[in-house]
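Presented as structure tokens, the chain that follows is alone, the form predicted on its own.
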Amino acid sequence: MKAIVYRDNGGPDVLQLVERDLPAPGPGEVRVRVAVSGVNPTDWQARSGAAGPTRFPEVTPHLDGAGVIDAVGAGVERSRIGQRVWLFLAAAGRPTGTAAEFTVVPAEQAVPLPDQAGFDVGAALGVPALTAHRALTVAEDGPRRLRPGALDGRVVLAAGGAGAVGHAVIQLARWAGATVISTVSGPEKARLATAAGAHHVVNYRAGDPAAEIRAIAPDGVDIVAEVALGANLALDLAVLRTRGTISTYANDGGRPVELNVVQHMVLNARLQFLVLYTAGPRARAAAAEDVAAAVRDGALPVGEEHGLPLVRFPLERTADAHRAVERGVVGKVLVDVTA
């Protein structure tokens, strides 16, 4: 089979297209013929060494993807063979991700993909959708699970709604019944956030964004899903309701975070840091179940008309796919692996 590998950390040029033997699933595992592989910032960070040195002699990258189960290991029902699935955290703690014609994952990390959902949808779920679910389910007064109606009466602020996680936050929050506000940096990203389903879009670079958000939500925002905490914390606190939650999954731009302790105390604010790797198996399993339900309801479409442009590369150009993600291309980067 064809696979992308790297043996040492470094730039995109360390990625090589090679031929490898077909892997066999072990107990509790499934083998998936990968159709589409999704690329996330964490993939290039792992490759570059920004997330620490590689732990394996050879690594096939990428956490997310979609395809069809073609073999199962002991303990897995054979009826799963032929099942369309989406994959998450495929390369987490393992050397074999989805940038290959076949990959092997624990059976619970291959989630059934409804027939009406294409492989592009499946490959775009994983890290963005599960992160968005976590961001929306950590509030002290909020739900621990998402379903239609779970966020009725709540206001969610999706910072950076044109990004992959922000896009998923908008879609999941709207599916769960929230009023969704998104902050963006300009008209083009405003168009994408609106297409994703945001009820209100605010340009944080123009006018008085805090006043605009407070005009929409006079009592304040219940949950902020934050992508750039250092840059946006002052705005978040200006619009957060008492006992509200700021769920931060990144700090784009790298600006240092300075906390006004008294302001947080007076608000009884919750500042929740999150990453999927250490969220725990129970939280990840719940997120996968709820995201799967949203997919069945048609709530997580992708494509420019749905607010998430798709940027595609063939398997042999995976290095270019990584370059696109590193430079911050707008949309979801996908690698087409097999027909």
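As the structure is a computational prediction, the values presented were derived from the model and not from experiment. Residue indices: 1-based, along the sequence shown.
Absent from the display: the form predicted together with a small molecule. The rest refers to it.
For the small molecule, considered in the predicted complex: do all three of N9, F88 and L125 come within 4.5 Å of it, counting heavy atoms only?
Checking in the predicted complex: none of N9, F88 and L125 is within 4.5 Å of the small molecule.
Pick from I69, L276, A294, A288: which has a non-hydrogen atom within 4.5 Å of the small molecule in the predicted complex?
After the contact test, the surviving option is L276.
Ok, V138, A107, A250, A210: which has a heavy atom sitting within 4.5 Å of the small molecule in the predicted complex?
After the contact test, the surviving option is A250.
Report the stretch among 215-223, 178-186, 258-266, 144-152 that approaches the small molecule in the predicted complex to within 4.5 Å, counting heavy atoms only.
Every other range fails; the passing one is 178-186.
With the partner left out here, check for me: in the predicted complex, does some heavy atom of Y204 sit within 4.5 Å of the small molecule?
Contact check for Y204: yes, within 4.5 Å of the small molecule in the predicted complex.
In the predicted complex, does G160 have a heavy atom within 4.5 Å of the small molecule?
The answer is yes: G160 has a heavy atom within 4.5 Å of the small molecule.
Could you tell me if N232 has a non-hydrogen atom within 4.5 Å of the small molecule in the predicted complex?
Yes, N232 lies within 4.5 Å of the small molecule in the predicted complex.
Taking the small molecule as it sits in the predicted complex, is V239 near enough to touch it, meaning that at least one heavy atom pair lies within 4.5 angstroms?
V239: no, not in contact with the small molecule in the predicted complex.
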